[in-house]
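A single chain, nothing else alongside it, follows as structure tokens in the form predicted on its own.
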Amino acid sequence: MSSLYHCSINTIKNGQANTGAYIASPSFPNYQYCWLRDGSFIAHSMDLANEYASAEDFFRWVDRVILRYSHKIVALEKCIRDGLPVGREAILHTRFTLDGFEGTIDDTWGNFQVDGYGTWLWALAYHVRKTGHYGMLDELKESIEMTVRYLELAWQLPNYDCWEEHPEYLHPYSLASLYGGLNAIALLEAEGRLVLPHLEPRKLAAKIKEFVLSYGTTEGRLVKHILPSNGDQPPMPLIESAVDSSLLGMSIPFRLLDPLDPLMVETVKEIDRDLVHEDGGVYRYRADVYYGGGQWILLSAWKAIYNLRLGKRDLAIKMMTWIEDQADAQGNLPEQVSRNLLAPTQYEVWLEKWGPIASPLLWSHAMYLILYHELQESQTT
């Protein structure tokens, strides 16, 4: 095993609070929170590394958070039923303090995202299957039910994408994460491992998939954003929206589409053309200006995993080598790399605003671990 493998495990464990929450980055002031999305991928990486206790502590932290704010689900249901605007009092946040309270220090920072809630269901389902700890489903049943109910109510509401941008749209990646989580829970229910009376996660997952395929594509590829319905106007794909590397999640891990589905193939062709640098680094999207629009470690790992699923092992190894080369002397992986920037004039702007790029970023380390295990598994199959 590489030294970065062990360093990544230690970085994640050192970044886990005694509450079970994973801090996004211990050295970056604006990331002193736990995001459900980041945390769920991090917990998944701990499961792959057989660090089951770490993952379970995180899932129990999420359980407490959802129970603490369950009144918001009731408020959301009332808003929808009565045709009222949906405000902060009726949406679950996406990031929380390590103690499990809403992070409200900056009201301008988007906090209504749904993808984290789908991702935690997906990661939890994987965990109980891998460990055989099916008793956790009974232990966390109330929060699982509340999450499914919340997603029933919220999935068609415009919200921020996974990069905390564009709250005016719906997002195929976010919808895919809901599909993945709901489908994973539905499979457990079908096996008799879980009973969710009055809820139908399988039907909701199918409805979400149909929605994405109906309104989230153009010219044989996926779009980044979907315009929500407006009066008599149905939802529409935002055709001018450029491709985004997060769309890899449509296939891996959430399986809304098979890696060889023509929609995925055409989408990934655009990702390869527009967003994959020849050195192995992967950008988020062409118009990215955050810290100058650098190459993201976690996206390079994500793309490498997709390459593996297509049998392109050499490309996956090249990308993993690139990732390993980005670690500093202490073995820390940053959020992004500031070479070959898309918008170089914006780098200093963000440096002055928020300081140096986040490093270590626990999600970067988690995706490296996930890639490492994918490569190991591919050797034995």
Ligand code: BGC
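A residue's number is simply how far along the shown sequence it sits, counting from 1. Since the structure is predicted, the reported quantities are computational estimates derived from the model, not experimental observations.
The same protein also exists as the form predicted in complex with the ligand; that form is not shown, yet it is the one meant from here on.
Undergrad: To test your reading of this chain, name the stretch in 31-39, 44-52, 340-348, 312-320 whose heavy atoms come within 4.5 Å of the ligand in the model of the complex.
TA: Looking at the other structure, the answer is 31-39.
Undergrad: Taking the ligand in the model of the complex as the reference, which of 163, 112, 134, 211 has a non-hydrogen atom within 4.5 Å?
TA: Here the answer is residue option 163.
Undergrad: Exactly one of 221, 225, 93, 284 has a non-hydrogen atom within 4.5 Å of the ligand in the model of the complex; which residue is it?
TA: Exactly one listed residue reaches within 4.5 Å, namely 284.
Undergrad: I'd like to know if residue 366 sits close to the ligand in the model of the complex, meaning any non-hydrogen atom pair within 4.5 angstroms.
TA: It does not: once the ligand is placed as it appears in the model of the complex, residue 366 has no heavy atom within 4.5 Å of it.
Undergrad: Using a 4.5 Å heavy atom cut-off, state whether residue 56 contacts the ligand in the model of the complex.
TA: Taking the distances in the model of the complex, the answer for residue 56 is no, it never comes within 4.5 Å of the ligand.
Undergrad: Can you work out whether residue 290 and the ligand are in contact in the model of the complex, taking contact to mean some heavy atom pair no more than 4.5 Å apart?
TA: Although the ligand is absent here, residue 290 would touch it in the model of the complex, with heavy atoms inside 4.5 Å.
Undergrad: Find out whether any non-hydrogen atom of residue 63 is located within 4.5 angstroms of the ligand in the model of the complex, and reply yes or no.
TA: No, no contact at 4.5 Å.
Undergrad: May I ask you to list the residues of 323-349 that have any heavy atom within 4.5 angstroms of the ligand in the model of the complex, in sequence order?
TA: Residue within 4.5 Å: 335 only.
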